[in-house]
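Starting off, we have a lone chain in the form predicted alone, written out as structure tokens.
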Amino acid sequence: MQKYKELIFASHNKGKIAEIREILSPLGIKVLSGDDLKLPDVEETGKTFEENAYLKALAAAKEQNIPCIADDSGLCVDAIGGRPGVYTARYAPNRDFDKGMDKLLEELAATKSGNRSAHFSCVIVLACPDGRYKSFEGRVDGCIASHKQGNAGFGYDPIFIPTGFNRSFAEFSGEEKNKISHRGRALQKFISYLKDLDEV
């Protein structure tokens, strides 16, 4: 992966930045964030995770004049029609995820449905200044817990229990979560793509 020793990740989300740095650092890839470069916020007007990730990656690529990556991700809950989906961050009042989790648990309870199935999706986009791009998608299935569990992670991690486990993402170590999370899976596809570039 000699072509990419340094990558710009167009995000100001400290949790996402930490995860991506943790996954890419063993590969010798330094990750610069939106905060490091004082990148402006980009309005997420897309209707899909890929569209929003592309908007952010392209804006950064044009400003820096080099390929940049960005992601968009969210929690999709079956019993409420797949919401909050692309509106996951904005679903939380004032982007307060503790309140967002309370809101989601209340909305799910109001459905009186026994269906608590859900999944996290993530799309990472590598965009070039000329608009060309590649996207990489990751998904992890699971269910919504009846109450918040754990103090690690970020966002809605305390109420998401991945399939095959009895712990929420907020009860996982960073290393454990990165192996099975939606972002971890999308990044593994991205890493495979970078390795293929080295072989060209």
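Residue positions are given as counts along the sequence shown, with the first one as 1. If you're wondering where the values come from, they're calculated on a predicted model, not measured in any experiment.
From this point on, the text means the form predicted in complex with a small molecule, which you will not see here.
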Could you work out which of Ala89, Leu108, Cys76, Cys128 is the residue within 4.5 angstroms of the small molecule in the model of the complex, going by heavy atoms?
Ala89
Answer with yes or no whether Gly155 is in contact with the small molecule in the model of the complex, where contact means some heavy atom within 4.5 Å.
yes
Is Arg21 close to the small molecule in the model of the complex, meaning a heavy atom pair under 4.5 Å apart or at it?
no
Please determine whether Glu44 contacts the small molecule in the model of the complex, using a 4.5 Å cut-off between heavy atoms.
yes
Going by a heavy atom distance of 4.5 Å, is Arg185 a contact of the small molecule in the model of the complex?
no
Among 61 to 69, 131 to 139, 32 to 40, 156 to 164, which stretch has residues whose heavy atoms lie within 4.5 Å of the small molecule in the model of the complex?
156 to 164
